[in-house]
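One chain is shown next in structure tokens, namely the form predicted on its own.
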Amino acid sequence: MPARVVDWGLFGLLGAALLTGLGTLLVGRPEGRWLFILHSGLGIAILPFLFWKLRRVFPRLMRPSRWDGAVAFSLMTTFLVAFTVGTGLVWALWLEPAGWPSGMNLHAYFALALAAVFWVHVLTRAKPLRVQDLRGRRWVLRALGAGLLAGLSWEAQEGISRWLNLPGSRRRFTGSREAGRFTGNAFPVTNWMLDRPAPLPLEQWKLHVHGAVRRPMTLSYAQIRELPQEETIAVLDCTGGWYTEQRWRGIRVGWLLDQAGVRPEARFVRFLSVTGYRWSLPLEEARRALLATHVGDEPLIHEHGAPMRLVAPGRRGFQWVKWVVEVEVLSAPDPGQWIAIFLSGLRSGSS
């Protein structure tokens, strides 16, 4: 395998694996399963290219006197690839470790570290592809073989997992393990980044509905309890590696928007937490979402977002905004939410 083809092949596969891995964090519906399969296949396809890379640098590794910065980066990259793929396989088959950081968390952390190290390696040592590197059919056949290996290995891993009834055979298509079903508040508590607000007193909490609406509204918790209540069954799938199916009760966002009178220019609905965390949904999707005050027959506890949290079926858990205090109707997307979610928790207080 030509050296530069191997290097750029690794670069492409690692980049594609990173992008698809990040993409899976946004997928919560079964029709997006293909992205998880593609991500797994890319991870397996990296292994033959890593073997070809190590075979080439192995003579230098055996002679410490010839070690330089490039060798150090190669070794670091090799270990990070091994840990990234290894933690991914352990999680897929055994769902271990299950606590925090879970196997899925570890897989993501190693992947991000790998991306950083590999980028430095590429920027300092990369050599452009030449025409002569791409001549011949042997490298093409080997690359196709790596792709075939990835596909067969994924199928084999899934089949073996089911045949041996391993814990991984019972995971959701996202890779998440089950952590309770119709258990009320008895499901795992996770907090995003720095989000650690003090409990919100019900008599002081207010929900503000504003933006591209004709009749802005401010509602107390007592008023919310008097409004028409709806129930929905939805799966909360956390990117930390677990999911739970629950029956949620609260106010349908669409009903709330109808009362406020949505203006013609409205396109998105933003949900803002007391911590500054925010996320927005397209208008029609937001109408189907729920602002929940109860899970099962129990009022939400503070750790799960009381007095009110967003329930957005088909979205991943980090998009289910907790401790909601504002619903704002927007006429354009909100790209700033990607910054806000990493800065949330830095402000204190409640509305």
Ligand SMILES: Nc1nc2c(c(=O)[nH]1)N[C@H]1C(S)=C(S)[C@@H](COP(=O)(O)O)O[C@H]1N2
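Computed from a predicted structure; not experimentally measured. Start at 1 and count along the sequence shown; that's the residue number.
Separately, the form predicted in complex with the ligand exists; it is not shown, and the next lines address it.
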- Query: Counting only non-hydrogen atoms, which stretch in 233-241, 100-108, 261-269, 139-147 is within 4.5 Å of the ligand in the predicted complex?
  - Reply: 233-241
- Heavy atom distance at most 4.5 Å to the ligand in the predicted complex, all of F187, D195 and Y277: yes
- Query: With a 4.5 Å heavy atom cut-off, would you call N191 a contact of the ligand in the predicted complex?
  - Reply: yes
- in the predicted complex, A292 touching the ligand (heavy atom, 4.5 Å): no
- Is there a non-hydrogen atom of R309 within 4.5 angstroms of a non-hydrogen atom of the ligand in the predicted complex? yes
- Query: Is there a heavy atom of E298 no more than 4.5 Å from a heavy atom of the ligand in the predicted complex?
  - Reply: no
- So which of Q246, T84, S273, S176 reaches within 4.5 angstroms of the ligand in the predicted complex, heavy atom to heavy atom? S273
- Query: What residues in 297-323 sit within 4.5 Å of the ligand in the predicted complex, counting heavy atoms only?
  - Reply: E303, H304, R309, G317, F318, W320, V321, K322, W323
